[in-house]
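Next comes just one chain, in C-alpha cells: the form predicted alone.
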C-alpha cells in the first residue's frame, strides 16, 4: 500500500495537535502555514530574535502557548514543515502554493484544513480612515511586532476578543481611552447559565473587565450608531447610548464584531455547505470527528466553526484520529469518545458567548447608503440596495455578478458578511435564503508576477 500523502493547512492549535497525533504513529504529514512561526493567531510567536516573555504575550494562556510551541519544536524532525507558504487554490486533490515567492503544486491523498478565522467586519462611518484596524490586526501588531496601533486607542465592537485585546494592550502599556461594546449587560446576564459551563474561562473574562474598570478604562455596554471622524486620520469616535450621543478624542480604533470561519479551501475542495445558526455563517458539513462530505478531507479548529483555542486543540486531535481510522489503523475508541465529550461541553459555552455577544441586529437597516461595504471595488450599501430593489436580486452570487461586490483582492473575505446582511435585509429574506458566495481562486492575494507566470505556462501547455 502506498504511503498516504497527508497535508495539514494551518499551524495553529488544531494543526499542531493533528500533526502530533499523526507523527506519533510514524506518519510524516506536510504542515503548510502562511506565518513565519507556528502558533496561529492565538498563540502567535514573534519573529526570531524578538524577545517578549510568554507571560507578556499570552497572559493567562502562557502555559498553553508554551506547551503548544514545545510540542511543535519536538515535531519538527518528524514532519515536513513549510512556513511562509500560502495555499491559494485547491483543485483535483492538489493544492497550489506560493512558497516564499515561488509557485508550487502539492498533491495530497488526505487533507486536513485548520484554516482559522477572520474578524467579522461591519462597516461604520469612518471605518476606512487611517488609524482604524480590525481587532485581529491590532492583536497581530502587538504580538508579532511589539507595537500598538496608537497613543490613545478605542476598542469597539462585540465579542470576548474586545475585552481580551483591551487588557493585553493596557498590560503592554498602551493607553486605552475606551471599550465600546455593542452588546448589552442584560444579554450577558441571560447567557450566564451557558457561560457557567466553563467557569474558569468565564472567570477570566470577568477579570479582564474588572481589571480594565479598576485601571480607569472607560467601558460602555449597549452602544450603537458608532462613527469615527477625522480628515487624514482618526481624531474622534462617537456613539449613542440610550439615545444620547457621546464623543471621545482618540487617534486609533480597533473594531470587530465576532469572528468568521475561513472556509474558502473547503469550498474549493468540493465540500458540501450548510447554514449554521450559531455561527450565522455557511459552514462545510462535518461529522463530530471532523470528516467533511468529501472523502479524505477533514476540518478542525475555527475554520470549521468558531469554538476557540482549547476546542481547536481537541478538534485537531479528534480529526487526526478519524483520519487514522479511515486509513485502517487501530485507534483507542475511548480517546475519541473523550474528545467528543469535551468538544460538546465547549459547544455549550459557545452558545452562551453568542447570546452574550450578538452581532448588532439593526446594523443592516441603519447602515447609510453612502457607506462603502466592499473596499476593494468601492461598492456602497446604496448600490447593493438599488440592485436588490431594481433587479429583484435575492441571491448572493447574483448580487456579486451585478455589482462586483466580493470580486476584489479579498475575494469577499472581508465584505461578504456585510453584503449578505444588506441583501437579506433589503430583500426581506433570511441569511439562509440568500445563499453564499462561491469560493474562487486565488483565495488570497498573490503577486501579479505569479499570475502572469501561471497564465504563460497554461498558454504554453
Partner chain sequence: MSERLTADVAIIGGGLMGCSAALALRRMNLSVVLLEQGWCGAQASGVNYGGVRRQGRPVVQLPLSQRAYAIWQRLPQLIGSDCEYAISGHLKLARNEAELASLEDYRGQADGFGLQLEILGREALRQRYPWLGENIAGGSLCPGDGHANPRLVAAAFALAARNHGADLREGTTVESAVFDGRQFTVCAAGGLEVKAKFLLNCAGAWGAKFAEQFGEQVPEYPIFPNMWVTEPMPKLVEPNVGIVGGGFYVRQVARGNFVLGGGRGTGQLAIASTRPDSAAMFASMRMACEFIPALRNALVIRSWTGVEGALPDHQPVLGPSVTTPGLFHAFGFSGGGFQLAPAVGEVLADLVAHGATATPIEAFSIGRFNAAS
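The model shown is predicted, which means the values in this text are computed figures rather than measured ones. Positions refer to the first chain, counted from 1. If you superpose the two forms and keep the largest set of C-alpha atoms that fall within 1.5 Å, you have the rigid core.
Another form, the form predicted together with its partner chain, is not on view; read the next lines as being about it.
- Residue heavy atoms within 4.5 Å of its partner chain in the predicted complex occur in exactly one stretch of 122-130, 222-230, 90-98, 149-157, and that stretch is 90-98.
- In the predicted complex, residue 280 stays away from its partner chain, with no heavy atom inside 4.5 Å.
- In the predicted complex, its partner chain lies within 4.5 Å of some heavy atom of residue 394.
- By the criterion of a heavy atom within 4.5 Å, residue 400 is counted among the residues contacting its partner chain in the predicted complex.
- Its partner chain is not drawn, but in the predicted complex it has a heavy atom within 4.5 Å of residue 452.
- A heavy atom within 4.5 Å of its partner chain in the predicted complex is found for exactly one of 270, 205, 187, 136: 270.
- Of the listed positions (293, 103, 246, 201), a single one reaches within 4.5 angstroms of its partner chain by any non-hydrogen atom in the predicted complex, namely 103.
- Contacts between 421-443 and its partner chain, taken as any heavy atom within 4.5 Å in the predicted complex, involve 438, 440, 441, 442.
- Superposed on the core, the two forms barely differ at residue 24: its CA moves less than 2 Å between this form and the one not shown.
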